[in-house]
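So this one's two forms of a single chain, laid out as structure tokens and tagged structure 1 and structure 2.
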Structure 1
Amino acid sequence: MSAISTRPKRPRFDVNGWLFVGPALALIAIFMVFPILHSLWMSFQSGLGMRLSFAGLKNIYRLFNDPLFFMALTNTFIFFLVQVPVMLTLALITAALLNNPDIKFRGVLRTAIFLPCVTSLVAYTVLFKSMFVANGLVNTVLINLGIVNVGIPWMTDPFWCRVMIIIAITWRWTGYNMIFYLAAMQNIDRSVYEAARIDGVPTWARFVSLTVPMLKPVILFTTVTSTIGTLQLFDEVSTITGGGSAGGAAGPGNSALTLSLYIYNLTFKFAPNLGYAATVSYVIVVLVAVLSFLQFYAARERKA
């Protein structure tokens, strides 16, 4: 008889293993799986508060005839299409600059750029509101430099209100994404750059042809997480424009209203319709799934 055949067979059901993972699985089922399935069921219901009744596809029909929903969807896509590429490009360039060993005070600069993402949301909101009011620091600097003749109406013009929100989000999250790029750059073998430098490859070409391709997995990760974060944008819009407060619109004419803020308003601000709010929530789920699939597909490894 061989040594393999005499080895004791491992039981298919190991009770000790299930005892270890059982509590975690129970918590996941209670706090993640059940809410997801319950919200899916609620998306087919309608009514005020908790007095819900099955409505079939009524919420989806309302979705296609809701101008406020389309406004929130349009604003969310504007923030996504403009802010995410700008922020990730700035983060990549900043990481490349601060990865240069010849730059002095690199540690201080890295900390200063990363600090906004750990700053209190209240302090951050007060700072931005004070900077972007009609006679604030931003307008004062622009007028003194001769860039504009009169102050820009950041808070009262729909276009400039969106620009202000994009600036605020970019300022807060660029440092967060920069840390991922910086960590990845420090793991690249320096001999690769030395070989390219000896071959006469200029600095910008080394960055485009060597650094960016080797950071592809990290760039994909930050793109997907930033996409999800932008589609769920709530905090900045709610606090800076006051869109989540009672009676307050998200910017002039709801020009900064996002899908997440609209869901909040449907649940807590307007006459509470939890069923319709759940339907709008699943729009974000579908958008995240579709955009993430497209980003993974675009970044896939292609066979030569």
Structure 2
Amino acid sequence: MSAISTRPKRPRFDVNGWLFVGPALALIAIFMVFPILHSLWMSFQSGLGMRLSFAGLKNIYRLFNDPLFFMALTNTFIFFLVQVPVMLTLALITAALLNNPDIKFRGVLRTAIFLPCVTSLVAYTVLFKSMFVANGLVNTVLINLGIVNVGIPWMTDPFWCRVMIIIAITWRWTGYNMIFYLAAMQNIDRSVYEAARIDGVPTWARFVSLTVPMLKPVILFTTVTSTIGTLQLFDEVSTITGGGSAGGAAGPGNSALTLSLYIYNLTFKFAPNLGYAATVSYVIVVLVAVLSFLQFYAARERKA
């Protein structure tokens, strides 16, 4: 906080400051702020292609009577509610274990678990698709291990299709989140642990009552970014299911149709209705805002 007190009390106009932040702010204004406002305006318009006219709340009415929209909303929520907690818990546990300096091959293990992050979403989903085909590797292994008798219908059953997508996303992002936790854990003063250890606090209790509370800001950060990521899910479902090309389903029974994929289809695949697509996209904006607010709120409450 000492840095603030040394600054001039009444900041004068700072040419250098504006030159440094100016380019970034200009680009954000052109490519983020203007489009999001334009999108809001479009969500009150209707019509095919570029021939839009003002339609009032017609798009919102359509939204509430659109079974495909509710399918996409449900799927997005399933992915969010199952995948984010599973992944973050896994990442946190792995980070805690790898933070222990007594663990051998720490560097190798850390690199291995981080490795999935370097692949493109498209490349790894193609790989997963090839592993999860009907008579493919995963089913062969499961049958040989005696876990199942008959191969799991990953590609043709709505439930298992979702499970496969959740496995895929978890594979891709767990290591990424682990790195944030590891980085934060390295900054925790070791003497706190030593004191607790000498006081006879068991390992798991040290984890729950010391590590987790101290990591709260980072946990909040990863929760918010993962929420945003999951609500925007597109690449994986698009590659795995072929994206529901013109009228076709995205996955069995549209089980993989997400909001982003639906917006893409409304814009570029079905008879394009940009106004309605903009309305659906605002559903994601509102969801992200509400969920992020709830997460910030929850994090603040527990601190008090």
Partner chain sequence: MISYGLKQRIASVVVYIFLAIMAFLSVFPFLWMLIGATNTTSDIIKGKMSFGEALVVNATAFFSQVNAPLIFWNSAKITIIATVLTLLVSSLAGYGFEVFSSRFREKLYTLMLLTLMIPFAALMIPLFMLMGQFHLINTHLAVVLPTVASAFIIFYFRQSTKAFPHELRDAARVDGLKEWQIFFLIYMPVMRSTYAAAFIIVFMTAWNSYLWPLIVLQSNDTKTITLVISSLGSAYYPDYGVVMIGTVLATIPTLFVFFAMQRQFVEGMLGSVK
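We call the rigid core the largest set of C-alpha positions that still match within 1.5 Å between the two forms. Quick note, the numbers are simply positions in structure 1, starting from 1. Values in this document were obtained by computation on a predicted structure and should not be read as measured data.
Looking at both structures, it is structure 2 that matches the form predicted together with its partner chain. For residue 293, a C-alpha deviation below 2 angstroms is recorded between structures 1 and 2 after rigid-core alignment.
For residue 28, a C-alpha deviation of 2 angstroms or more is recorded between structures 1 and 2 after rigid-core alignment.
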